[in-house]
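Starting off, we have a lone chain in the form predicted on its own, written out as structure tokens.
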């Protein structure tokens, strides 16, 4: 069985990060090995959050894994407790690449959304994610993160995209952004969850896939319900596990997008508070 090290925070309340990714990756037939970057009382969409960084313990954690001879088929990276963890993670990646040259590194650069940095995030967090992107085989930023990674004006980018009525025009805009992202990563890029409205007033979520510079593919799903925390973690877990198992990127992205849409609809039907994320557990059998 394939094995993925999942490097992300552990939140006690609220479906996000490791609490989502561990069961999803396991359901997809991959052994999920957690590495907490921080331990939070709840995810940061809640008003009161107690946080303990794992930075001081991560080096010993990885050293013990390496001494035990553990070998991984993938490393999935999400939220960092602080920027100091970047170097430790990079050393772990390089050691694991020696043991398994075919190992895949998937980076979900969790630091911003809707044009703003998350709580506790700074420019140093962006710099850490840019450095990690250089070792990744796949990065999955949202539109805000994609813009910040390459120092684009998010508001101008969003305004330009909103003014494009044709896919051909959107592809030109995205191609410029993706080309800049391909300069910081050798891997594929998926820009996730871009909202767009069609001529009938319906809202879609657009995932934009580029496996090499000049390649732009759109993967759409009809948006249902409210934006909920944790959907990015859900997306990267599904795509990461399928990628490690050899699935093609486009079909993996489509499966992830469809599952997230179903999970959001189900959460709305069950009247799950938005801040608690998606009630995905009931639907795992669909994966």
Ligand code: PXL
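Given the structure is predicted, the values throughout are model-derived calculations rather than measurements. Numbering follows the first chain given and starts at 1.
Not pictured, yet referred to below: the form predicted in complex with the named molecule.
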Note: the named molecule not shown here; in the predicted bound form, the stretch from 248 to 256, 23 to 31, 229 to 237, 65 to 73 having heavy atoms within 4.5 Å of it is 229 to 237
Contact label in the predicted bound form: residue 242 to the named molecule, heavy atom within 4.5 Å:
no
The named molecule contact in the predicted bound form: residue 35, any heavy atom under 4.5 Å:
no
Within 4.5 Å, heavy atoms only: does residue 44 come near the named molecule in the predicted bound form?
yes
With the cut-off set at 4.5 Å between non-hydrogen atoms, does residue 40 touch the named molecule in the predicted bound form?
yes
None of 138, 191, 132, 110 but one has a heavy atom within 4.5 Å of the named molecule in the predicted bound form; the exception is 110
Go through 1 to 29 residue by residue and record those having a heavy atom within 4.5 Å of the named molecule in the predicted bound form; state none if no residue qualifies.
9, 11, 16, 17
